[in-house]
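Here's a solo chain for you in structure tokens, the form predicted alone.
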């Protein structure tokens, strides 16, 4: 039994009674606190390089890229809602801004990838700085209603600013540059191997997921991140101990908007289209569902939630004509099902949100934390 439990000890010294429990701030601040975290990082790097080169279909890689795009946007929403306590239903507006930025600057004007992506992020920062001050005077349901108004405001702008957005018809995104130095992610060529567009998108999206997750993780470990969590827990107490509420809340909106705009850019590059109907309330609710199911206030919870929500949606889409879903789901006028795929997904999202809020408010991340604590404290687990 000791040999089985030995890997759970703390490194070579192994026998310390504290094992890998968090004992001080230094333990809490480490991104990869033990060898198991480092082994997990190596496994993820292996999967990143191995998956596109194996027999994963283009449809499967497209789904994985979509999961990664949603993960980037969800990380941004988690910074705002999970870490700062500012509930927002306007996330789809910022996703739309990012998509139209890629369409106009990348496809229409022909700007390089390394210019229009940071430009989209900066536009997101600017919008966050403009909208953030509303959070200084509003909270709870009132803030939700104000951010909900962004959806309708954005829809009006997207439908009427035709020179940039294409109006009601939307805009095609063809020929936008996707190069980073010598690497062209519209058709990557590496070490004599030519990768398809879906394989190249997978490499690009998940590299950016890793970069944004690392950036967000470092942000929440910084002074700014501590201030955000203090505001979330009790803004009045935070102000008393010296936290600048205005700078913290506006900063959270700016970071969240920037991440959402980057996700919007990638979404536009993947589907090669941006239309106002794609950035409605349902998209915002999907992002809220992702962070609730994955784990509010955790970076990796946003990624896990994206895998769960987007993966479930894709699973339903692919099996809508199967024996077990066929009688329930209708994919055409002649089908006997009484729910469309979108309606079934919306019902499941609602059920999952209610279920997790009632029985596991910390989401799937809490299950991982609980299992990890059980092993770390064994045989004194409780």
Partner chain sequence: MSALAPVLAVTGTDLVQNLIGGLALGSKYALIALGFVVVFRATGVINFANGAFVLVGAYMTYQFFQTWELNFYLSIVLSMVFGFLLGIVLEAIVLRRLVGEAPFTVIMVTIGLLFIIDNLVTAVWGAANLDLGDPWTGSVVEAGGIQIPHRDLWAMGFTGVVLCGFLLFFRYSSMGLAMRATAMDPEAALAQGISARTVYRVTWGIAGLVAALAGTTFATGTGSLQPGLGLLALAAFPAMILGGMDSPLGAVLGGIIIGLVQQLTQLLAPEYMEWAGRSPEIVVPYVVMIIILMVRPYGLFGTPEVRRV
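Residue numbers count along the first chain shown, from 1. If you're wondering where the values come from, they're calculated on a predicted model, not measured in any experiment.
Another form, the form predicted together with its partner chain, is not on view; read the next lines as being about it.
The three marked residues, 108, 190 and 261, fail to reach its partner chain in the model of the complex, with no heavy atom of any inside 4.5 Å. For the candidate set 58, 314, 34, 343, a heavy atom within 4.5 Å of its partner chain in the model of the complex is found for exactly one residue, namely 343.
This chain is drawn without its partner chain; in the model of the complex, the residue among 219, 119, 213, 148 with a heavy atom within 4.5 Å of it is 148. Segments offered: 299-307, 271-279, 253-261, 230-238. Contacting its partner chain in the model of the complex at heavy atom distances within 4.5 Å is 230-238. Taking the partner from elsewhere, residue 144 is found to have a heavy atom lying within 4.5 Å of its partner chain in the model of the complex. Its partner chain in the model of the complex comes within 4.5 Å of no heavy atom belonging to residue 46. Taking non-hydrogen atoms only, residue 139 approaches its partner chain to within 4.5 angstroms in the model of the complex. Using a 4.5 angstroms threshold between heavy atoms, residue 223 stays clear of its partner chain in the model of the complex. Contacts between 267-292 and its partner chain, taken as any heavy atom within 4.5 Å in the model of the complex, involve 281, 282, 285, 288, 292.
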